[in-house]
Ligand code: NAD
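A lone chain, given as structure tokens: the form predicted on its own.
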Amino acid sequence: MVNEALPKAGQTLLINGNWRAANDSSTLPLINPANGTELTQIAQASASDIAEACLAAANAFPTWAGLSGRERAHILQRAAAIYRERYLEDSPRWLTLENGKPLNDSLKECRYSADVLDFYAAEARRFRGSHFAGDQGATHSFVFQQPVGVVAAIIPWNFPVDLLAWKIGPGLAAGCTFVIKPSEEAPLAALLLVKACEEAGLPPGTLNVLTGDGQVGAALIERPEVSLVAFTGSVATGKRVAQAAAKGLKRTLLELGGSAPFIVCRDANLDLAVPEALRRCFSHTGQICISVNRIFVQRDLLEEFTDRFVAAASQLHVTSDGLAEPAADMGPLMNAHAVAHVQAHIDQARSAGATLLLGGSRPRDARFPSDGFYLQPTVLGAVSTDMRVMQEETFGPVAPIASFHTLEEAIHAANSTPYGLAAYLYTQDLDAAFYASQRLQFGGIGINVNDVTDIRSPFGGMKQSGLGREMGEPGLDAYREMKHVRYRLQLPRQ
């Protein structure tokens, strides 16, 4: 599949305004997870490429940071408009080819990414500061904020466009420059968002792109020009990122994994709870950091909820071609490692006594290519909280269902993992909702709603699910340094 808007095969580095190949011409194959075929080749950045990109970002910083908020806002608004006008057809198609999500879901992601740029364009003009008279002598204090500097943005494969926008939107609004390291498994759709920003008038070097494997990201963090590392990915990788950044006392913004609980109280509206649990369990084949990983149902409703949930899950449509079937519910997992990881969780739960209620293995339909990475929607019953599927992030199409007696018991079980990104509670009791919200140890909590993201609100995790917050005004603050200027007033000269 050829698209003139994309860089040529192997020329996926953007350094100081130029798209080019790696200095040593190294490349990596980009694989379609639906059928195992090669889509194209991407550049594998070398050490010299990484150094050039970081220097370009550092040299561009005074120019970009020196623009007014109004000027930066205008460029961000133009970037969002260009992306919608020129790339909103091709970008979702490449996203589906790269990571397997059905086209309608890819289109939703790309549209939202443009909305994020628009939101932060407006925020670029709302810089706030403060000033106050000193309380010791004739002094006055001014507190204002400045951009932190060069940002290393390391982007995952599951939402490569959206999570890029979450970083460059507020970062560019604040006045930072970037070296972006997209996932080697899904970089192309994200490159089209970068192209839209380029075409909107960003000065060369403001956004730079380094494609390649994890070694590129590791080397990028070590560069002295980098002041902030913004990373989204697994807890294990996030810990390595934090350790590497700590060597230089660099700031980090980490959005890591989750194991979201979905708590269904006895007074829940099942007409709402069942389809919303289903969607949050199986959307993007369960490969979302806020996917439902564990379902807890109050014993009174357990049988009814389980019957309705299994019946609905059995009707989910899994596609081997997300372009031809854009409204499908699920596509493939990302790679063979993901399939093995999810299957291991299923097998361990069954060996420990869980009941397989649906799925549990690869689809046997001949429609699914043998080189694709597929698993059926899977539902497990009679699970215990010590099973791997209830303690670790499965990141796949598995819904384990457990029961609880009291709300306090459910809260305790929900909090019993190292993760704390998102949690969901379905109840019609307002007191129970607020009681649980105060005690659930998660950065985002949905009450009768299965999504905790909103452009205007902070997003991030507690415990091992991350450091800092993205989105909203806190998302902008993450890219700014606070500075205090204290001034002594003097008598005017006579």
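Numbering starts at 1 and runs along the sequence shown. Here the structure is a predicted model, which means the values were calculated and not measured.
The protein also exists as the form predicted together with this ligand; that form is not presented, and the subsequent description refers to it.
Of the candidate stretches 229-237, 137-145, 80-88, 119-127, only 229-237 contains residues with a heavy atom within 4.5 Å of this ligand in the predicted complex. With the partner omitted from this view, the residue of 395, 296, 373, 282 that lies near this ligand in the predicted complex is 395 [heavy atom within 4.5 Å].
Of the listed positions (389, 176, 414, 163), a single one reaches within 4.5 angstroms of this ligand by any non-hydrogen atom in the predicted complex, namely 163. Residues 29, 103 and 187 are none of them found to lie within 4.5 Å of this ligand in the predicted complex, as judged by heavy atom distances. Residue contact with this ligand in the predicted complex: residue 96 places no heavy atom within 4.5 Å of it. Using a 4.5 angstroms limit between non-hydrogen atoms, residue 459 touches this ligand in the predicted complex. At the 4.5 Å threshold, heavy atoms of residue 309 stay clear of this ligand in the predicted complex, well away from it. Among residues of the shown chain, residue 158 is one whose heavy atoms approach this ligand to within 4.5 Å in the predicted complex. Of all the residues from 38-73, none has a non-hydrogen atom no more than 4.5 Å from this ligand in the predicted complex.
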